[in-house]
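Below, in structure tokens: the form predicted alone, a single chain.
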Amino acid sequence: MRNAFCDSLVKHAGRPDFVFLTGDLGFSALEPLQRAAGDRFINAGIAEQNMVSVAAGLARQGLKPWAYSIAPFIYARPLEQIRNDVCLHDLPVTLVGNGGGYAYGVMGGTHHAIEDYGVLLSLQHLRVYVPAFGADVAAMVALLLEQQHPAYLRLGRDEKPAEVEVPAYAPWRRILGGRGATLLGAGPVIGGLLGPLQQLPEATRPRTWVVTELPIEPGTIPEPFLRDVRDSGHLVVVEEHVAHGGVAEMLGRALLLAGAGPRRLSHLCATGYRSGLYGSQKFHRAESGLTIADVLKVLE
């Protein structure tokens, strides 16, 4: 998704309000954007707190800054600056975190982002964008270029099988039809599940949805999704994020407020580091119960 992100920004780098800041990251990936943006491409160095404050200052002057780093370095390290300089003033700064969830694998917990959108959505005015597929990125960039509020874009890896077709971008999309449970995925983790789920018989195949914009409020949930939840009675939420502050918590609250709570809820999420070991993203997903085998088990 990082390449798709770069390609999308290159097309808009000539805008008079465009400016891009990086925390000394993007080698062998962002050079096309650097060439396109010229002096509006700023390497702020390994100083993320200062980078976010500079971005806030640029936004106060009428610019639309993008601030980019590895995910935990763009939301955890400068959290005070995000809260005080960006969100309290409702400034249009877009924070871009590359490698959401366990994407940085063996680099360990310091480089993982498994509580990022839960933390950031506790701040005022901020919205979160979590592309599930590479094709989502261009549509999100177009939205973010026009938004007038703080935002966080969480990038991962496109894991969608080539043979699976998905609808055009929308905050909520039904990806697969079926007559089984209702499954909602957040982020790229859903892509790796689609191939096996597509092969299930229609009678047991889950009605599979993806959500890509947060927070979830009662008025934002589409009626077809609510109808699927009512009809199936079993809602399964899959996300590479801890339970606290995650999609399942937001959605559960929204459904209860709307009087549409499911009879049964299953939640597959990041659970930290049960073994105390670090490994690949695949290893951590397996340890958290985020594999297709785990999904099929809760669908039984």
Partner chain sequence: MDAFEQLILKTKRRLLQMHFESGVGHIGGNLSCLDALMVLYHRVLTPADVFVLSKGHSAGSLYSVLWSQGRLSDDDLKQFHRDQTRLSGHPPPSGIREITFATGSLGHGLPLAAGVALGKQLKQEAGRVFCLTSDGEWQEGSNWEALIFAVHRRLESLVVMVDANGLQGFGTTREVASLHSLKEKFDAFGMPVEEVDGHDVGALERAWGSGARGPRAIIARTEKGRGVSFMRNKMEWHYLPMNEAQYRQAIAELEAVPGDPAP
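Positions refer to the first chain, counted from 1. Just so you know, these numbers come straight off a predicted model, no measurement behind them.
Separately, the form predicted together with the partner chain exists; it is not shown, and the next lines address it.
Proximity of N84 to the partner chain in the predicted bound form falls within the 4.5 Å heavy atom cutoff. In the predicted bound form, none of the heavy atoms of P32 sits within 4.5 Å of a heavy atom of the partner chain. Under a 4.5 angstroms non-hydrogen atom cutoff, the partner chain in the predicted bound form lacks I70 among its neighbouring residues. At least one heavy atom of R60 is located within 4.5 Å of the partner chain in the predicted bound form. Proximity to the partner chain in the predicted bound form, taken as a non-hydrogen atom within 4.5 angstroms, holds for one residue of A135, A170, L200, L88, which is L88.
Site annotation in the predicted bound form: the residue of M250, A36, I42, C269 reaching within 4.5 Å of the partner chain with a heavy atom is I42. None of 239 to 247, 48 to 56, 252 to 260, 269 to 277 except one has non-hydrogen atoms within 4.5 angstroms of the partner chain in the predicted bound form; the exception is 48 to 56.
Residues are counted as partner-facing when one of their heavy atoms sits within 4.5 Å of the partner chain in the predicted bound form; in 1 to 29 only V19 qualifies.
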